[in-house]
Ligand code: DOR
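The form predicted alone is given below as one chain in structure tokens.
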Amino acid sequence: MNSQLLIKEALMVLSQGEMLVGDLLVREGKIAAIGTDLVSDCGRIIDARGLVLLPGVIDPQVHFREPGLEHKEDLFTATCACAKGGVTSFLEMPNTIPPTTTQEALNEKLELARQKCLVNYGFFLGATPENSEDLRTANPVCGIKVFMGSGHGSLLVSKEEDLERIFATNNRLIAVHAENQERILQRRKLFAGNTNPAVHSQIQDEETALIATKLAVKLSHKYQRRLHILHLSTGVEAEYLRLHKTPLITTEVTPQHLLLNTTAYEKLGTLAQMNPPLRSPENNEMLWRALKDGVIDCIATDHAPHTLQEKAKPYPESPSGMPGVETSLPLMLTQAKQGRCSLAEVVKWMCTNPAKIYKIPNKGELKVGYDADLVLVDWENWRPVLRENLATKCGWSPFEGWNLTGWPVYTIVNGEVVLDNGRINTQVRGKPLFFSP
């Protein structure tokens, strides 16, 4: 590790949205000073004139597919994509093979991550109807993941009595995939034989999501349990939460649900298929309003890659999910450039709030003493999303062809430069994240 790194004359987005053109000094992996006319007698100096300096993005919901599904993605390729996208920390979901439902499986993932991850890492423990002891004792975990619907095998927890038992046990954050499995199964019968991928949004309709969100909120209220509702997709859920959120409840939205909608099926076909599904354009507007109002707390990608061969299967054999860690920050910075939000809001949604929600110390802000997880982006030039430029193993993006600004030029993890003018330093390794009680 370089003992010092000095970033000169960047436009920095500081706490509370304060903007400063100045310098940031990194020493031993920490932010040592922020100001103007800083000097360094050793280490590297980055001339950041014309670039914007942000805290590194914390992506609080990804599926990196290792172990067991490495043909889609693995921890190395996924974190190369993170580096290119300015994501310096991630929280990964348990639906791997085997699923992350025990301390043993968690330990295996942590060891794989230690060997392979270019950025910082944390993992969810998956809830099953039977693993209450592991849910209470396994460490370190950022939270408990519950698939209320759209899950498979032991990770599907759709019965209310099983959900109630999970909410009643210990005080860890519970993150829910909020879809009602019973309604999904009923509606699949209604659309049986229909191979148009657009019916995916009708099968897993808005009511499917709202029923599950209401149940999760009810259980959070009953047991005073921290609840995080993953990838909110509907305006009706947002409006329900506007009235029923408490300080114990948080939620997130993906760039896909903000920027894509059901019109995408015509162009993308099964590439537009994800869970929960894309919604109508009206839902885009309602989700944006909830995000701006603070009803929605943060942004996650739900990076869930599948190969193009898998995605080419006819619906409903085609799998749900799409990649996202490489494009999420440029997508949101492009929205800021176009006036939809501010730079400070992007930092709050993608850096500061994920650290607060998951109680990750010393990350998510540009502050002296905080970890030097940083990203320098070019907010002046534009370039399109192209398959040949992607680092994700699946090799495609639903945003292919979109012209974006805010692409990372440098990504810095714990003071080490992992993305250097487009080149990835594959020798850098991130660190395990820890979570305050």
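In this text, residue numbers run from 1 along the sequence as written. Treat the numbers as computed from the prediction; the structure is a model and nothing was measured.
Only in words, not in the display: the form predicted in complex with this ligand, which the text now covers.
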For residue 306, is any heavy atom within 4.5 Å of this ligand in the model of the complex, or not? yes
Taking this ligand as it sits in the model of the complex, is residue 302 in contact with it (heavy atom to heavy atom, 4.5 Å or less)? yes
Taking heavy atoms only, is residue 63 within 4.5 angstroms of this ligand in the model of the complex? yes
Does residue 147 make contact with this ligand in the model of the complex, using a 4.5 Å heavy atom cut-off? yes
Heavy atom within 4.5 Å of this ligand in the model of the complex: which of 75, 91, 274, 332 fits that? Just give me the one. 274
Of the residues 181, 101, 283, 95, which one places a heavy atom within 4.5 Å of this ligand in the model of the complex? 95
Only one of these stretches, 126 to 134, 102 to 110, 315 to 323, 190 to 198, has heavy atoms within 4.5 Å of this ligand in the model of the complex; which one is it? 315 to 323
Would you say all of 172, 218 and 226 touch this ligand in the model of the complex, counting a heavy atom within 4.5 Å as a touch? no
Can you name the residues of 212 to 232 that have a non-hydrogen atom within 4.5 angstroms of this ligand in the model of the complex? 231
